[in-house]
Structures are given as C-alpha cells and as structure tokens.
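We begin with a single chain expressed as structure tokens, specifically the form predicted on its own.
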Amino acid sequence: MSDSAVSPAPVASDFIRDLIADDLAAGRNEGWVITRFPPEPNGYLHIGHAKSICLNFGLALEHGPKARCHLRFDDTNPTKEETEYVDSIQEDVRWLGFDWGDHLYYASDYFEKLYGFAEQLIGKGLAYVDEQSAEAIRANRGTLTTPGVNSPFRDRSVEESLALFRKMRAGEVAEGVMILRAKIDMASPNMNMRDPVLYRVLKAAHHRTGDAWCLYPMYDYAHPLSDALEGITHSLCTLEFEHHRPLYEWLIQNVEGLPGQPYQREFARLSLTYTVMSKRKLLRLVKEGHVQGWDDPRMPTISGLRRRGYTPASIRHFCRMIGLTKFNSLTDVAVLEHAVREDLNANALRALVVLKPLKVVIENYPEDQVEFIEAVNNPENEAAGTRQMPLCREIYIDQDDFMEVPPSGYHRLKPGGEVRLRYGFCIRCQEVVKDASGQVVEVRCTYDEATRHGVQPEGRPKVKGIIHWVSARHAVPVAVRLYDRLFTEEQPEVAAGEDGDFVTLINPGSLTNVEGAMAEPALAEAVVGGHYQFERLGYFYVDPKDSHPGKPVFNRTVGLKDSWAKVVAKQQGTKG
C-alpha cells in the first residue's frame, strides 16, 4: 500500500475499527491487518462498492507497514463474467486513489486447490454428490418455519460421491444432473446451512481459464477459502452476508491445510435515494437502452460518476461522512452532492456561460470599443489567479434573467429596471424588442460608467440583482448537458411495488441537451477532464468521451443549490 496515491485521512472510530484495535491489542494475527476487496466481475462497480473499497483499502493505509489490501476477483461464474468488467474494476479502484501493489488475485487462481478441498470434505463425509433435480432440491429445502428433507443421496458412500465428483470434473456429466452439496443440517434454522451447494457443472468457457474447467465452485464456497489461502485477517462484507457467516466459518473449520484463519464481519451496505444499486437492474438499464452505457453520467456506477465530473476526493470524503453502521438505512443523495460541491468549490475554475441567450444592446457604449474585464478564476484559491474577459456593446444574458412583467421581489432585469453585470457595471433596461410572434428577441439598455468594477457610488441606490453575461462578438458556442435524478421516486423499487416495473419511474427529464449555449471565449480551449463552475448555474465537467479539440462538451456535475448544507447548518444552529 506504500505506493498508493491516497494518504491516510482522519476517520471517526466505528465498530469495525474498534474490533481491529482489539485484535491488535490482543496480539492476534501477529499484528497484521490484511483486508481484501473481492468483486465479482459481472458488472461495473457502483457507488456502493466505493464504500467497501474505501473501507478495505483505507484500513490498510491506516495500519501502516503491517497492513495491506488485496484486490481479488471472485470469478466463479463464467456465464456472467467478462474481461471488460475486470478491466473496468481495476480502473475504478485506481481512479479512487488506491493501489493493490503485487496483491492482485483471482478465485480462478485457486481452482485446483478448491477442488482438492472439496475432495477432502467428501473424504470426511462432509459433502456428497446429489442427483435430485433443481425443482426437488427447492421443494425439499423447507421454509423458514418448516425443516428441510434429507436428499435420498445424502447417505451415499464416500467412495461413490468421490467417483461421481471426479466424473463431474472430467466433463462426463451434463449440466443440472449432479451437484456437490455440503452435509450440514437440513433442519437448521439458517437456510444457508441446509446442505448448501458447493459445486455445479457449467459447460462454459471461463474468461481466464478457458475450457480447462467445466466444474465451478459456488461463491459461498470459494470466497472464504480464497480468503484463507491469501491470509486475509478481516473479511468485511455487507450486511446481507450476515446469514452466510455460519457457512463461512464451517468451511474454515472443516478444511485442513489452510494457511490463514480469517473471520467475517458485516456492515450495512449503501442505499442511495433516486437510484437503484442492483447490478442486475443496472445491467437491464444498459441493455434496454434506458441509459447510454455503464458510464452514462446518470448512472450510480463509478465510471458514470467519473464521467459526470465527480472527483475521487469527493467520493472518499462522502464515504467518511456516512460512516459504518450495523443497520440498513437510506442515504439522501444530497449528502453525496454536498461532498462533491465542497471539493469542486475549492478547486473548480469559474466561468461565465449563458444557456439560453438573449441579446442585450448597450446603447451608450461605443460601437467599435472592446475592453477586457478582470475576473477571478476561483475566489477560494488565490493561486488560481485571474483572467481577462472581453466586453463590447452587444452581450448575451440568459433569458431567465429578464422578465417583461415580473412578480414582486424580482431582482433581475425588467423594463425600467437595473442590474449589475458580473465583474462589470450596472445596466438599465430602456426598451424591449419583439418579433412578429411577440417573443422578446432583444433588450436595449444603457450603462452607468460610475458603477464600473463593482463600484457603489455614494448616495446611489444599491442594485440588488447581479447577472452573468458573455460578449456577443466574442462568445463561443458550447454543448451543454444538464443531468437530473435518474428516477422520479426516492426509492424506485419500493414505489414500483411487487407487481410494478421500476423502469416506468425513470425521470423523462433526467437528461437535457442544451441547444445554443454561449460561453466566454476561453472555454473553447477547455481541456478534457477540466472542472468548472459556471457561475449561477452549477459545476460542469468537460466530457472525456464526446469532447474534441475546440469543441468541448460540458456535463453538469451538480447544481449550486446545496440543500444538505442548509440542513446541517440548521441542525448546528438548533444545537447552538
């Protein structure tokens, strides 16, 4: 972990860290802390995985030289796994700032050893080959209130099970005809202990081992034994694996020759409002074309968040903010957006962009004159410096910043009204020009020389409204995409109900392609991957996929409004 891009950050104590501290104090594992992040390569990682990545790699960073985190692919199902997913997962972990060094592993690395452990269990009378149909196995498994029924093959001899298991490996058994099951307890109150399946026949090529195997271990079998083979000390899983822990421990206890004795502990997974986290559901969104790929900026995938403009630092900060708990809960997406804003506010360059241009002619400004106004690149970072923005007689303002018949309390431009141009002077509306259909196409104004550079002349009424603008002569057209929540409901799966379909709750306004946006000229050369705050509009990111030299495409990362910050401030005020 010494070559990781991330330095240990202060983290509040939690039950996982307390548990590890107790282990270290007791001298367990010779003082080592070895964790792992074990994704299945059957999809792209999402923000929920980021929580696990930050936990496991973070713990390794926190505990210094006698600590490390492995990246291991639990690739036990060749029918759903692809090299594309393996590559994307490695890219995502590195992008978040973590490095596994020499500790990259695959469950498929251990297929031979895992097979040998299975023969060992058969030899001990702790596993048997079952020839029941899948329907019979389900029917005989029992329910939460009734015990299961022993398989008629449960008591077959060790020799017979071993011979059949070897036939399964040799490819002499068709899919679905035989499986290997652990022999535990069909009356156990824990359904996972009712003779769980350990191996099944799959006549499918594996993305790493090719056609070398047609017999593949189940995840619940391969996972704990892979942990043990790697010397993992702390196997940290999400809460849904709590009921799998007894099987995890049963395997560790009953298999001989394991170099490590890991133990499993669980924490609550991340659930986020206005999205879905199931890989199966995310895959459906992609395959049915509801989104434009795994990296669509509306997706909760790490690649989607990256393309939208979220930063590694903001995601790591978010994971620290939400912490670890032992109970499932729903996290407001506003918390994530707040973490993103905090980071971008400190680092993003400022720029002026008009999304819906409305021409303004400043009648008392010389027609041929061009001046340059100094603008701050980032008020939070003095080192970011300033830039020069051109200003001439004709400018563009946003259509939303003018209203012919405004409501009470309106502080933007209106007939006879006055506003200040950002970084510039005050202008007053003198005339409104309309087309044949009655649409406002131009506003004619005058400016007050005495108000240049933000000056407030003594005795002059203060202008309340400040609006953004660009020089019409110098502005450049830019492509802008506005993103909103992917779903209209906080919990789309719950809102859809048992008989409903969550895709019917997709927000039709989740993507808006803005036509005709105009930007200050410097943005024509915006570099791919650059972060900007379009003043008064939000934070934007230069799309790395669709941008071309001189033709940037800007994705809105997040708006300026921060409802979560207001909630926090209100809570702090109440406490005060």
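Residue indices: 1-based, along the sequence shown. Only a predicted model underlies this, so the values are computations on that prediction, with no experimental measurement involved.
Same protein, other form: the form predicted together with the RNA, not shown, and the subject of what follows.
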Answer option from 488, 261, 345, 446, heavy atom within 4.5 Å of the RNA in the predicted bound form: 345
Name the single residue among 473, 203, 243, 124 that comes within 4.5 Å of the RNA in the predicted bound form, judging by heavy atoms. 243
My question is simply whether residue 364 lines the interface with the RNA in the predicted bound form - judged by any non-hydrogen atom within 4.5 Å. no
Do residue 417 and the RNA come within 4.5 Å of each other in the predicted bound form, heavy atoms counted? no
Using a 4.5 Å heavy atom cut-off, state whether residue 115 contacts the RNA in the predicted bound form. no
Using the partner position in the predicted bound form, report whether residue 405 sits within 4.5 Å of the RNA, counting heavy atoms only. no
Partner-proximal stretch of 448 to 456, 502 to 510, 473 to 481, 302 to 310 relative to the RNA in the predicted bound form, 4.5 angstroms, heavy atom: 448 to 456
Can you name the residues of 299 to 332 that have a non-hydrogen atom within 4.5 angstroms of the RNA in the predicted bound form? 321, 322, 323, 324, 325, 326, 327, 328, 329, 330, 331, 332
